[in-house]
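Next up is one chain by itself, shown in structure tokens, the form predicted alone.
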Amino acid sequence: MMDVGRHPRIKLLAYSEVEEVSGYVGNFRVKVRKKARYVDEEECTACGDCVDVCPVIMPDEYQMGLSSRRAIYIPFPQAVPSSYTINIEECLGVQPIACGKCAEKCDKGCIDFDMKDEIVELEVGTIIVAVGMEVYDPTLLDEYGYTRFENVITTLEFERLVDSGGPLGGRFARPTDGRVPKRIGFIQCVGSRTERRGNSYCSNICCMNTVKDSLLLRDHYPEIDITVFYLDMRAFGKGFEDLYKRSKDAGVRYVRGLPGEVKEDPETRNLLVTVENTTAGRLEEHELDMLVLSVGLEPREDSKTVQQLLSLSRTSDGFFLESHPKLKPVDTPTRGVFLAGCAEGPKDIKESVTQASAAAARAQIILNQDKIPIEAITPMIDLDLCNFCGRCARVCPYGAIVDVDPKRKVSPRVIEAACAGCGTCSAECPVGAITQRHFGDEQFFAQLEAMLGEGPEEKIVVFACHWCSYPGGDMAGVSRLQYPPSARVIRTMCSGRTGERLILRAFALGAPMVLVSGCHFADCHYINANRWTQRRVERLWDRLERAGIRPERLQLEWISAAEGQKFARVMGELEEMRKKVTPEEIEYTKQVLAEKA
């Protein structure tokens, strides 16, 4: 961070918050609120005289509350800029009669209680999202006594206790009595790999973090007895297995099983831990001086705000979704926006640095170009047909359709650089004024007529989205899964492109069953386009029922790229449903739709 602060071509806005992002790739406009520090960062020399006279004492967040700070403070060592900041919510200086001591003590006059927030507007070509992560809070489910027993701490608190810049100055001790513990236990997967106690995913770093901590203790305090309670030790990185073996060779004991009960001896303040050793097949009780909870990683609470600012997608676990896990691992669905670090998922330092380098390289490719090429799948608007309703602008996940004004009859305009080509606007246009290049209605109609030209009653029409359900079918084939050959798949960029006209044309040509499939809600590569799919299908179900056509003949399924088994299962279920559709039903459907055409 200090190198960043000294770099002549990097502008660092610390203690700032992004409030608004507009524009598109190559032309982003970013509004940033630079919060008032109430200290002139250019003049402050970080002498510390102001801290000595500040009467307000608060828990130090950087030291995990294990020590205190003043209302005027530097957030952490080596902070850039090296300037003090006043937390105005805690400071008494807003009423100088009550305090104002820091301002009186500062010889350079750096403190200004009248300082206001500043709005900075930036024009940038690309954006890299590196918002980091948070750790699981073990107070939510207190089965390990974190809120009841002082000697139960988290891994971050342990790191501060052993750090030379920590609250104890590098002298490791337990919180209750300040003595060096003789027996320490580590509990793995706290807040990870379980729905009941946190998150279902593995947090990636916890196992090796504990291995590192155990070796650190062994080097500095060889007399300490260390026990690690775990479900599975996952040492999958380069050199990690060797570290794990080194830890075992150093005498660290690994017990396969998570504690079921933690009690405290009121006299010694020691902890009594009961655990089932599944390897030995017995119930054990361990007396420990200190217990360290290896807490997992979670998305930041404000990631939803970032998602809305940049029109991003998130996975079911709350982390940001990349464009493609293999081909575009640092790109996002919003063109020109890239991901780095734990914003995309839990990862260690090496992976974060690698991804940050990849994100910087991807951004540089765009910035080095005079013109940005786009895929030829953007929509075209026939202004002669447009009725200026504005629905296309409302459904666009990227805000790529602008200027439409129904009241003044102003026609819409497409910003092609911002468009991702989902086709939702084309499907939702009530008058058919929008055509998506290479995915137009006439092209889909030609596919339907070809596949249903002979024996339509034996076929199932499947509209599959390019990113998830279509690869899901491919995965079923690669995995050699068996499913009926009756499915005829039509690829769309997004399930949002599957409009009512396409579905009704399939039924009018004699299709007994139609499936619309796409990404799961949390995984949509076009942010929220598949929600319009669901609304559209629900409208069609009502419409079919009113026309006397069984709505069950139209199915909606969310299938991810990895769910080849689900794709095969759904095809099998649809085949059974197809067999129950009678020729009379098909003829009746064709007749009704022909009359309404």
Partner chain sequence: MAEEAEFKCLRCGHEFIAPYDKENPQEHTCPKCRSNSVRRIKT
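Just so it is clear, the model here is predicted, and its values are computed rather than measured. Positions refer to the first chain, counted from 1.
The protein also exists as the form predicted in complex with the partner chain; that form is not presented, and the subsequent description refers to it.
Taking the partner from elsewhere, residue 556 is found to have a heavy atom lying within 4.5 Å of the partner chain in the predicted complex. The partner chain in the predicted complex is not approached by residue 42, whose heavy atoms all lie more than 4.5 angstroms from it.
Interface membership of residue 577, defined by any non-hydrogen atom within 4.5 Å of the partner chain in the predicted complex, is confirmed. Taking the partner from elsewhere, residue 552 is found to have a heavy atom lying within 4.5 Å of the partner chain in the predicted complex. No residue in the set 501, 505 and 526 has a non-hydrogen atom no more than 4.5 Å from the partner chain in the predicted complex. A single residue from the set 108, 245, 520, 171 has any heavy atom within 4.5 angstroms of the partner chain in the predicted complex; that residue is 520. Along 524 to 553, these residues reach a heavy atom to within 4.5 Å of the partner chain in the predicted complex: 531, 534, 535, 541, 542, 545, 551, 552.
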